[in-house]
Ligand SMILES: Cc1cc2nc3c(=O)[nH]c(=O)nc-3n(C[C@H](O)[C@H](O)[C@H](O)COP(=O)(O)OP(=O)(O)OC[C@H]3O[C@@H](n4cnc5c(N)ncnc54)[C@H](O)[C@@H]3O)c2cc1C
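As structure tokens, one chain now follows by itself in the form predicted alone.
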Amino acid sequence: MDFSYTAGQQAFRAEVRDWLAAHVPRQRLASFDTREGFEQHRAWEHQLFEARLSMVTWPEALGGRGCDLVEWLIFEEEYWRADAPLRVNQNGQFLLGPTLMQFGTEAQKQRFLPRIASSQDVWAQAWSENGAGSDLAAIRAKAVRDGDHFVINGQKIWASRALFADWIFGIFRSDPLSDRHHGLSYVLVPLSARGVSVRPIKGLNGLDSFAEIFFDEVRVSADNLIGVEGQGWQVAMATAGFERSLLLRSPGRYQRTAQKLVQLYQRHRAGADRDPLLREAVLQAWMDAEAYNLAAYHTVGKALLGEQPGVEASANKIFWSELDLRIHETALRILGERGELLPEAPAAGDVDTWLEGYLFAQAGTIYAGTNEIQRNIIAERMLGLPKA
């Protein structure tokens, strides 16, 4: 593999680095699990869009820049290096956007994608239900066709960002007599629609990180159907593939977090070295982050040659989610009892956001398909083992 960058790629890196240095907010934005922080992050992402840096791999006509995946990796490396804000519209930009590219009509692409790229519309994912979390094929919320509309009834839960978002992309049972993964449809629903009720659910951090959504005779235009009616499972599995792949969790994120872990260890080395396993854990975290980066370039190289990602997306998801958890667990071990403090506590010192990151990392092994399910997929489809 050739690890050298072209002159054009180097120029792109310099442009991105310079822009971020001039525009990344000096003060940390409020949490996007609050209304104030949500709008601050939306405004920031609109700034990225105006600089043609919001969705760099999308076609220019749809709000992007037309970059290839290597340039996307370069952008992500610089974005995380600059400690730029987290992306509030990642569900729309990294999950729904690629799904629309693959399954949407031209009219749907023109209608939705530029507004996703600019974060004029922020999206939430509405898949999970009570009794249908990891078993997505067990969903019961219905979208029954009535002429040129769907009538939606039911409930969704654990929808991240849904409390303040504008739209959701959801999977609904459009054939009432169907079972399992048959008879499902992938429908886009505005959260402002009549009959939609959104209720907050607090996360481990005490903020309104999730929401449950209730649908009571909600009428949605059939123009909001993505793909073929009754074949939403195929569309949803494509979205799930994007969720488990590089797009949602780029290696730059973990390289930067691992670098911060090394710096934390160096500042607290006198105390940390009392536990010889801590130094080993720090080194392993740094090496794993670098390994993930190399694997990402390998995957991108194959994609540029026309190969489609397959079951390795499940292995990818397990790796980054468990790496994130290990990094934050190690940081809290270094900080000791101070690691339980919030950054604003008088005795916090340099605890930074390690506790917040640790709490968020707990969810990584669950969302995008639980790691237990991913291991089953790997066993059956990659290793050829029989079903349990």
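Predicted model only: the values in this text are computed from it and were never measured. The first residue of the sequence shown is number 1, and the count goes up from there.
Absent from the display: the form predicted together with this ligand. The rest refers to it.
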property: Whether M55, A117 and S321 all lie within 4.5 angstroms of this ligand in the model of the complex by heavy atom; result: no
property: Listed range touching this ligand, judged in the model of the complex by heavy atoms within 4.5 Å, from 150 to 158, 226 to 234, 273 to 281, 181 to 189; result: 150 to 158
property: Contact of S314 with this ligand in the model of the complex (heavy atom, 4.5 Å); result: no
property: Distance check, W127 to this ligand in the model of the complex, heavy atom within 4.5 Å; result: yes
property: In the model of the complex, F210 touching this ligand (heavy atom, 4.5 Å); result: yes
property: 4.5 Å heavy atom contact, D18 and this ligand in the model of the complex; result: no
property: Heavy atom within 4.5 Å of this ligand in the model of the complex - the one residue of L62, L335, L69, A363 that qualifies; result: A363
